[in-house]
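Before any questions on how it binds or moves, here is one chain, the form predicted alone, in structure tokens.
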């Protein structure tokens, strides 16, 4: 059994566009311990989102392996991978990925359906989280009726409601004002302390270095020395 919670072994990802091969990630290897807060930094196009998508199982590598708690996730069947994602992994997308015709409450509720909670338990969990982010009075609004910062908070709540042991976040503070960014970082810090959650954050540099236990810098798809 591996001593690490997450291992990326010689990861590479190639995309074909207009008959040309684009190397988005090139031979990246990193190891993360449980309860680490890890920042992956780099300029736009450096490969940050690609690495997060590989680590979270959203895409499969061209070469290399991603191992989470001793399971090589890119060798799992789609069904087994889906179960792993549902049970252990939370993803905060840069584009929020909120369902536009669902209310705030419904956007969070849909993430909790696999847990088999009663309606009462589900309502208690959702309203408690909304209250912590000062969004309790927004539960019945549509995403389009919220500010950008409020939409980001809902996307984060939807992920946190699943109570994952690993959270991957792509620019979680990139679209919000400084005060909202501080609130988000404070909540993630407290979450890590309370639940022993591993946080993997991609950022172009708007999150202070002191927030992380480890920092990896990507440049043109490669880890900087």
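Numbering follows the first chain given and starts at 1. These numbers were taken from a predicted model, which means no experiment stands behind them.
Omitted here: the form predicted in complex with a small molecule. The next part is about that form.
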Does the small molecule get within 4.5 angstroms of any non-hydrogen atom of residue 19 in the predicted bound form? no
Does at least one non-hydrogen atom of residue 43 fall within 4.5 angstroms of the small molecule in the predicted bound form? yes
Looking in the predicted bound form, any heavy atom of residue 50 within 4.5 Å of the small molecule? yes
Evaluate residue 24 for contact with the small molecule in the predicted bound form, applying a 4.5 angstroms cut-off between non-hydrogen atoms, and reply yes or no. yes
Run the contact test on 15, 94 and 171 with a 4.5 Å heavy atom cut-off to the small molecule in the predicted bound form and return yes or no. yes
